[in-house]
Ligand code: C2E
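Single chain ahead, written as structure tokens, the form predicted on its own.
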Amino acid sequence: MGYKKRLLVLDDEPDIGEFVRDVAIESGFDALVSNSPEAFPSIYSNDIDVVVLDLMMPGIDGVEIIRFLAERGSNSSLVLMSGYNAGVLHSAQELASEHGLHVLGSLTKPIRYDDLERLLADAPALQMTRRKSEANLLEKPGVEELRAAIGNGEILPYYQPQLDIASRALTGVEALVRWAHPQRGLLPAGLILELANRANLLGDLTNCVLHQSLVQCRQWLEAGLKTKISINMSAEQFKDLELPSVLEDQLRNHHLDPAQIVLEVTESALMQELAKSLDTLTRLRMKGIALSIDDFGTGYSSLVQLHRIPFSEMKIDRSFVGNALVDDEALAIVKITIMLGHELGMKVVAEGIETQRTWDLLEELGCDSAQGYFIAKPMPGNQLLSWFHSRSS
């Protein structure tokens, strides 16, 4: 018999606790209910996969329980509930994430069966999570390995398609870094960027991805596919006043139209030495290269950046897109971002589309383009060409 995930509900209202327990059991969990926050520390154990937690309880409240779980080093996933205020619920979710806890999502009371079932379906089994974490710790490569990998061709871009929401046509791809490690297999972007940051290798890493992306773009063009490639750039590169001329030469050498390249930069990355960055960014736009503000809404001075920098595109962060169906504040941010982008003459791209319902919502809101697992996972360049032709046939 396989491993059965365990769930613990903490809510001072017995009816709600029983409702959550029943949904969890129907979803394949072993589920327990507690109506006493004071008793939670003695009931909770480290083999609980999911804790469903009401924030507003007498005596000990949900925020105190979050603090307890953080201090305990809990690996349990969290679902937060509240009937009080969506803003408080959102803040508690952010607090839990800052504490390093895994939050599946939040629900506003009265809770809908479908919303709870959907969150529980995304809950990882704790045994599997622990095994993966332990394996990652054992297998984590070092800085020198990354330095060597950049030089010997182990660093590769994978490409995730972006579709026009209205027409379903391919409008571009985002180049996402991967590491084809000879012993550890394909390693993800998060690990690579962490090591690159530590070793001051972000510039070398980006140049590696940029060069391969330009080569790939030319190969696609020769095979009959003309599309844009979005490439994530480090803040350091935008301080380089020679970047516009160097990139112009590279595009000319590969016989590519500057309009085929989109350079992505996060808001926070531009806060350092803004004068140099503005010089470089303005000249890039003058040369016909598009600029995208990535993870919009997660930085510290979004509107200031939009006013100062000649962006042509903004990308709505996946944290807002993924929660827009269940979180009124996230939905409001998505709506306002789309309206703002269009008022400023920018194309708006939504990241992290994972369901038809999310796609339908963004179509209704008038978002321009989308990317995410609902469309396709990131893939090597030759596979993307096959994927494109299979959609066209």
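Just so you know, these numbers come straight off a predicted model, no measurement behind them. From 1 onward, residues are counted along the sequence shown.
Although not depicted, the form predicted together with the ligand is the subject of the following passage.
Here is the short version: of 260, 106, 216, 160, the single residue with a heavy atom within 4.5 Å of the ligand in the predicted complex is 160. Here is the short version: of 82, 206, 323, 292, the single residue with a heavy atom within 4.5 Å of the ligand in the predicted complex is 206. Stretch-level contact analysis of 53 to 61, 334 to 342, 352 to 360, 28 to 36 against the ligand in the predicted complex, using heavy atoms and a 4.5 Å limit, identifies 352 to 360. In the predicted complex, no heavy atom of residue 17 sits within 4.5 Å of the ligand. By the criterion of a heavy atom within 4.5 Å, residue 189 is counted among the residues contacting the ligand in the predicted complex. When the ligand is considered in the predicted complex, residue 314 lies well away from it, no heavy atom lying within 4.5 Å. When the ligand is considered in the predicted complex, residue 118 lies well away from it, no heavy atom lying within 4.5 Å. Contact check at 4.5 Å (heavy atoms) against the ligand in the predicted complex: all three of 234, 372 and 378 pass.
Contact annotation for 172 to 200: residues with any non-hydrogen atom within 4.5 angstroms of the ligand in the predicted complex are 174, 175, 176, 177, 178, 189, 193, listed in sequence order.
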